[in-house]
Ligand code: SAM
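Presented as structure tokens, the chain that follows is alone, the form predicted alone.
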Amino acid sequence: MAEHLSQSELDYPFKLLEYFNGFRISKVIFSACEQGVFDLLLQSQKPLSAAEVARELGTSEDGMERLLDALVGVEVLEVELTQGTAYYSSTDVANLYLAKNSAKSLYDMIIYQSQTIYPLWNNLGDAVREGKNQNEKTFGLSSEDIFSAIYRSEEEMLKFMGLMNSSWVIDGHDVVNAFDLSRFKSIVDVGGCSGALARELAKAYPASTLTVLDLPEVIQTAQKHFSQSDDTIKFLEGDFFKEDLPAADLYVLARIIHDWKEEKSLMLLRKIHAACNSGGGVLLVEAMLLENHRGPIMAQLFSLNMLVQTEGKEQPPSHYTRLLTAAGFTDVGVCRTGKSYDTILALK
């Protein structure tokens, strides 16, 4: 590590100290979202003092002032002093991504990170030592059936589906346009959850039919809580590991393969190959590691998250290419989007 650092960094470890405090920054933003700070500031239409924010949200003035100051420090809020009183307002980024009702809100992602992922990461050391997820230690749930843990209650299912929805709000456009998919007239989003990615596909390829396939309880929750009045996508209940897949030209597996061990992933890809129409294909969407183990850091952190929560891991493109080839697919192409998630398209 030292050979990559400047002399000033060796004299005083600014970067390391920034990393050490990373979890505190996360919790500052998480707490502000959970308490409704960004929604209040957006709705107020004018800067508010810490006393006003505290009164509206039912918190202590001292605690809220410290929280607001930290949000200014990380450049999420802005502040101006008027006659000795600090008045706080949201930045454009906070209004767009942190307010609950914004069109691009990441609120659901933040709630899931704070209330589910953060507790799991408290046991990261045990996950590394044991090489298995920490659902049992964190939540008292079996480490074997990962989606029984993820979907352990309707509330948790909604949180997880909200997380997926948030992900495709910011990454969906890049993912569905990474390759030209217009030739595929029937598309099945396998494990498509809330339908958010399928909606992005429907927007990009209006001539194609889009079907979301997922577990019955997921589909029912999606239709109840995430359906839109102008939906053109269809929903289909089924267990894609246990039941036959509908025939289609293209199958989308977005953040699916990374959940499972290799043998289970290969079984699913072979099943998709068998059901796929001639000339069709499969689109994998994953956070892909670099072949040289040097990043991207986001994918490396996601891979650790797979360790604490699932039985899978993130992989470099060569791994997915090998799996797809073993399942019978050819013409494997890789596209790095430059964002959180990359794509691989393979043909039958």
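In this text, residue numbers run from 1 along the sequence as written. As the structure is a computational prediction, the values presented were derived from the model and not from experiment.
From this point on, the text means the form predicted together with ligand SAM, which you will not see here.
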| property | result |
| --- | --- |
| Per-stretch contact check against ligand SAM in the model of the complex, the hit in 202-210, 248-256, 134-142, 77-85 (non-hydrogen atom, 4.5 angstroms) | 248-256 |
| Partner contact for G191 in the model of the complex: ligand SAM, 4.5 angstroms, heavy atom | yes |
| 4.5 Å heavy atom contact, L215 and ligand SAM in the model of the complex | yes |
| M164: touches ligand SAM in the model of the complex, heavy atom cutoff 4.5 angstroms | yes |
| Contact label in the model of the complex: F240 to ligand SAM, heavy atom within 4.5 Å | yes |
| Selected contact from F226, Y107, Y151, F235, since only one has a non-hydrogen atom within 4.5 angstroms of ligand SAM in the model of the complex | Y151 |
| Option touching ligand SAM, based on a heavy atom within 4.5 Å in the model of the complex, out of F179, W260, Y97, Y118 | W260 |
| Triplet F147, F160 and W168 all within 4.5 Å of ligand SAM in the model of the complex via a heavy atom | yes |
